[in-house]
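Just the one chain here, the form predicted alone, laid out as structure tokens.
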């Protein structure tokens, strides 16, 4: 009996030792920090709304949330609900949400201009160390890419959202937001352009895309993978973006209240060219073809492309496969079509809009797509 008690005690001691060895070290509360320790970084938390700023009528409602009579989540609510943020940064908030009840998708470009202007202002403030932007997941990737092109800063700007509302059972919003602030507060996140952090993955704004409507693992860096991870013990990076962005972008540091119209034409069997004709008739100065295979248009689309180019319209080719580069081939060069590399069509559209504010020369536009 005595031996059994000794063995049981030894096993308990061993188990306790294992638990201690595996424990993730906790952050030190700011009030417990030693005198003279470096002050916490200042992170600005900017809300552009989205699911992460939404409530539902009950915790099991994770797909039909928000709406009339359901209050939204204010930025200060995040601070209240996440006292852990005070351990890692001094967080201040700004609210750039669309007015309640405004139709989805309306005045979106106006929002981009206003937010880009404010992000450029915040980036110039010496006491701001990083910025977190919350956004709806539907168009978050392209908005983040736009800011990656037009905001001039070495400081981290981190986009974050959630797949479930703030009130949802097992909602991903709180941990996503906490991790995004950790990334924005990290010195290792400087000089990497605009980042995206959800589900613990840190992706470059250029590469990330939404791949699933409701799943937690929806955002992925297609072709290239994450830059790093917001692991429980620390934020860790394994690589850096090589394409131009933020502080070395030729488009950064100024506002673009107006940009040329650019539309996207989808490629599929027997896709008609008259849709491209209609885009041009409505004033499009650029057209992105989301082509089939490695970037091809149908015969009807090809004829419409020639008609569009005759009117000075610049055409960029991407691929609907969402993986792999559209390359510059001899046939494509002869057709005067810009190769869109591995950009998703919605991002190619934004880059082409900015490029057309500078030039309509095909070689120069191709240079821009090669560098960004």
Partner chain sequence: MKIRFAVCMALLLQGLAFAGERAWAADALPKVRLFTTGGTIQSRASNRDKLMEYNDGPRVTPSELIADLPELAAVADVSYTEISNVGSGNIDTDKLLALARSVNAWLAQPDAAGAVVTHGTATLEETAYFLNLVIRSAKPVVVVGAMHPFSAISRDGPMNLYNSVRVAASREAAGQGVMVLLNDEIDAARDVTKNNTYRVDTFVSRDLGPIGFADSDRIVFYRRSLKRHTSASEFDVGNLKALPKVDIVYGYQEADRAAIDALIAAGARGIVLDDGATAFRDAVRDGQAKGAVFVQSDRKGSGRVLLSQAAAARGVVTADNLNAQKSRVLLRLALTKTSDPKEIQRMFNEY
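Positions refer to the first chain, counted from 1. As the structure is a computational prediction, the values presented were derived from the model and not from experiment.
Form predicted together with the partner chain: not shown, discussed below.
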*asked:* Would all three of 225, 325 and 370 be in contact with the partner chain in the model of the complex, where contact means some heavy atom lies within 4.5 Å?
replied: yes
*asked:* Counting any heavy atom within 4.5 Å as contact, can you tell me which stretch out of 217-225, 80-88, 280-288, 167-175 lines the partner chain in the model of the complex?
replied: 217-225
*Quick one: is residue 142 in contact with the partner chain in the model of the complex, heavy atoms, 4.5 Å cut-off?*
no
*Any chance residue 229 has a heavy atom within 4.5 Å of the partner chain in the model of the complex?*
yes
*Even though the partner chain is not shown here, does residue 121 get within 4.5 Å of it in the model of the complex, heavy atoms only?*
no
*Is residue 239 close enough to touch the partner chain in the model of the complex, meaning at least one heavy atom pair within 4.5 Å?*
yes
*Tell me, out of 125, 270, 110, 233, which residue has a non-hydrogen atom within 4.5 angstroms of the partner chain in the model of the complex.*
233
*Since exactly one of 261, 250, 188, 94 fits, which has a heavy atom within 4.5 Å of the partner chain in the model of the complex?*
188
*Taking the partner chain in the model of the complex, which residues along 142-156 bring a heavy atom to within 4.5 Å of it?*
none
